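Here you get one chain, nothing else, as structure tokens; it is the form predicted alone.
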């Protein structure tokens, strides 16, 4: 049976101002880029664009300067141990810090692969490779994501069994999850959960549904690619060989 979310899947857009993207490609400064936009030198997906407020997604849209594609940088991927309090977007209208603020010294324009909530920390991949991002995010590839979390008290096994069988959230049943208790006492329980879906705040909603709201949440793995000793707020470049672990 094909789940509903497969038929409607799209990669969440990570859009930036067009002049910023042009400047990042090394064509010219941002101020000069604005002049080129107004002058009709820039097209987006084959359409000349003269509006300075235009926002584009460099991973999925074709941007040309005077008929030529913008220079394509080397395809790279970074693993970030995201702290709490950072937004998984390229910029934020509310002025909150964004995850790319943490990538000091990274010259490429990389974009988050999926999202982590503001109050969730842990493993987050960022890349400028649109094909790679699509492979990781597409539900048909069933990339496993492993989380560690804490909840108050100790959930009854019967409630955890609901998660392993699939539980209804907002009118849709989740795929069966793998859940195990790592540590527990009378006040709190630490668990591990493995899922391959990426619905918004899914893990939190799953545990709310069984009456045990999440206190802390951390993603520790994509497939078999883990954080290792990467400190919170730190990042490192991922090799092609390591990326293969994402799909295991």
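Residue numbers count along the first chain shown, from 1. Every value quoted in this text rests on a predicted model; they were computed, and no experiment measured them.
As for the form predicted together with ligand URA, it is not shown, yet the points below apply to it.
Residue in contact with ligand URA in the predicted bound form (any heavy atom within 4.5 Å), chosen from 44, 191, 27, 217: 217. This chain lacks the partner; the member of 161, 91, 142, 117 within 4.5 angstroms of ligand URA in the predicted bound form by a non-hydrogen atom is 117. Ligand URA is not drawn, but in the predicted bound form it has no heavy atom within 4.5 Å of residue 78. Among residues of the shown chain, residue 86 is not one whose heavy atoms approach ligand URA to within 4.5 Å in the predicted bound form. With a 4.5 Å cutoff on heavy atoms, residue 56 does not count as touching ligand URA in the predicted bound form; it lies far away. Among heavy atoms of residue 63, none comes within 4.5 Å of ligand URA in the predicted bound form. None of 198-206, 48-56, 65-73, 182-190 except one has non-hydrogen atoms within 4.5 angstroms of ligand URA in the predicted bound form; the exception is 198-206. Residues from 146-161 that approach ligand URA in the predicted bound form with a non-hydrogen atom within 4.5 Å are limited to 147.
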